[in-house]
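Shown next as structure tokens: one chain only, the form predicted on its own.
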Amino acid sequence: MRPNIIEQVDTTFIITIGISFFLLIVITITMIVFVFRYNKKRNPVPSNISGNTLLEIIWTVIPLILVMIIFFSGYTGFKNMRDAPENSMVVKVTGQMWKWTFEYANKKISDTLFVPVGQPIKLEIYSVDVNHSLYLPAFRVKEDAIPGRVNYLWFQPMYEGTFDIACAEYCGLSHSLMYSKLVVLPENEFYEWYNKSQPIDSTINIRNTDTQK
């Protein structure tokens, strides 16, 4: 079974924050000890200090180990993000000032992304004007939309619901309004929508409700 992208990203953040707090505490305590123990009042005449090979090895090896832990955690998550499953449903995403458009394999187009629960989804990302960035915060994935280039990301929604889609790249005056919705449906409801000739009314209702909030 494929690793969960959400859990991988959250784990990397927790590890990074934990190491940062650890270093903050160690460095702060060391500073306080040195301020009181080696101040001018206690040591009016400075003493000669010789090198300490063991200490230098310690403060070189420990940071190296911590950095490698962060790197390994981040790389394994990145590798998973860049390896979309072969059975992914492909949806073409087009960014433009200032909206997202989603096109399915049957040429159906919607301004809301509808997907079936449990199905890996691969989004092929395009832009028709300036740089945008497709961001699904609930699923911890983000990828730029760049004119003249095709980018992609994938995710697998494991629970039903409605989630935000945002643009995370400043793209002009109405950048802050460039939001859409991701709607995860039961498989039968998704294909009922997918096989209809016209988008269902819930696309408009969802957007209107969000605007009113």
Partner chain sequence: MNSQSDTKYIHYLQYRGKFKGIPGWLLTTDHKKIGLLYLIAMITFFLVAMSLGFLMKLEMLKPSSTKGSTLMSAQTYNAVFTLHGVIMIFLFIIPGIPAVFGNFFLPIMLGARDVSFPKINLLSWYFYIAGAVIVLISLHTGGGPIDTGWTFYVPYSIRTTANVSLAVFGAFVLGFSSILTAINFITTIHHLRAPGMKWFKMPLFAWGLYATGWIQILATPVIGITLLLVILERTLGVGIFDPALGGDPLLYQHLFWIYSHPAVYIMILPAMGLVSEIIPTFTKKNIFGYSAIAVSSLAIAFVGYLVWGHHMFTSGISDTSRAIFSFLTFVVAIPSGVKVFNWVATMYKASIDPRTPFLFIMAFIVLFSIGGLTGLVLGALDTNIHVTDTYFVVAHFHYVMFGGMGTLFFGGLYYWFPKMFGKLFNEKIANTGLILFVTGFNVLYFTMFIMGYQGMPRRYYTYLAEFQTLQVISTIGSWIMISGILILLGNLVYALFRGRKAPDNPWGGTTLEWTIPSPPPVYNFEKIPVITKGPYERN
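Positions refer to the first chain, counted from 1. Rigid core here is just the name for the largest C-alpha set that superposes within 1.5 Å across the two forms. Just so it is clear, the structure is predicted and the values come from calculations on it, not from any experiment.
The protein also exists as the form predicted in complex with the partner chain; that form is not presented, and the subsequent description refers to it.
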### Task
Report yes if any heavy atom of residue 126 sits within 4.5 Å of a heavy atom of the partner chain in the predicted bound form; otherwise report no.
no
### Query
Any of the heavy atoms of residue 171 lying within 4.5 Å of the partner chain in the predicted bound form?
yes
### Query
Using heavy atoms and a 4.5 Å limit, would one call residue 130 a contact residue for the partner chain in the predicted bound form?
yes
### Query
Should residue 89 be counted as a contact of the partner chain in the predicted bound form, where contact means heavy atoms within 4.5 Å?
no
#### Entry: Residues within 4.5 Å of the partner chain in the predicted bound form, restricted to 15 to 42 and counted by heavy atom
16, 17, 20, 23, 24, 27, 28, 30, 31, 32, 34, 35, 38, 39, 40
### Task
Note yes or no: does the Cα of residue 48 move by 2 Å or more between this form and the one not shown after the core is superposed?
yes
### Message
For a quick test of reading the superposition: does residue 159 move by 2 Å or more at the CA between this form and the one not shown, rigid core aligned?
### Response
no
### Message
Superposing on the rigid core, I want to see if residue 39 changes position between this form and the one not shown - specifically a Cα shift of 2 Å or more.
### Response
yes
